[in-house]
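For reference, the chain that follows is the form predicted alone, supplied as structure tokens.
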């Protein structure tokens, strides 16, 4: 009887070499820096870590960071779905251009995005001058933070939902309509369940991206302590003040949230894969 092989045979040689390179690369780029952060934060007594992590300025930054990220991801889930629907279901002049523009936040440096948003939404900016008489101020408020996070998170939702919409079997929609279902009922009972895992994945990716955003936010937020100061900026401020332990404590809090988001994203992707396998049978 042959011994059980935990590695599937491959026509391409070099598994040991590639596995070793993968492990060494991930260790050097990901695991060792994360371990260093964890060890640095763990060197603090728990009482001191808790004091730093729960001081009023830190709590205010958490509220803004996670609250604005959640709001921005929710907006992206709604409008990103509409954009993906438009690109998949309709043909119109300039469709390819619009589809290309969706990826612009990926290629654009985040600092450039922040400067552009601050220029547009400043009180004397192109849009800010029209919003100011209405009593709406975007730049240097929490609204500006939401706008910046919405910009950088939109592609994640659109690119997650587009393939799922393209794979929806239109015969199911036609069958629902032939049975007397309205357009809304067909959308709610046929289309939405099919794309829900992809939409949830896009939402989680946009949320995770927004939580860690820095460059595009600092130029439009105003960075007022207790008001428009995000947690990544507070970490940078502590580093500039040579408060490395304080920065490590806040970084450890963000790291734990990142792991939570990673587990959520993996669970959602597994859900999507199981749904896709079920539809393929």
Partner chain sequence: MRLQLGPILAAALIVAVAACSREPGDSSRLQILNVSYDPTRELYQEFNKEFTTYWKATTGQDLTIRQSHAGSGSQARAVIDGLDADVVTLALAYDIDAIHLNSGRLQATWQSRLPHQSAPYTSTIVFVVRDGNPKNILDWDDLVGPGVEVITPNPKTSGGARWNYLAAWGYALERELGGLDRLYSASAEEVESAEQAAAQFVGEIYRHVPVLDRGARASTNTFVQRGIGDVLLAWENEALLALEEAGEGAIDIVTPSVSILAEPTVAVVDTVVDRKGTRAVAEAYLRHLYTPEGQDIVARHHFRPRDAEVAARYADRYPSVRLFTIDDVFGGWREAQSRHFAEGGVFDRIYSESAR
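What you see is a predicted model; the values in this text were computed from it and never measured. Numbering follows the first chain given and starts at 1.
One more form of this protein should be noted, the form predicted in complex with the partner chain, which is absent from this view; the next part is about it.
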For the partner chain, considered in the predicted bound form: do all three of 118, 222 and 244 come within 4.5 Å of it, counting heavy atoms only? yes
Only hit among 122, 71, 190, 200 for heavy atom within 4.5 Å of the partner chain in the predicted bound form is 122
Which one, 64, 218, 53, 44, lies within 4.5 Å of the partner chain in the predicted bound form by heavy atoms? 218
How about residue 142 - does it come within 4.5 Å of the partner chain in the predicted bound form, if we only consider non-hydrogen atoms? no
Is there a heavy atom of residue 59 lying 4.5 Å or less from a heavy atom of the partner chain in the predicted bound form? no
Partner contact for residue 137 in the predicted bound form: the partner chain, 4.5 angstroms, heavy atom: yes
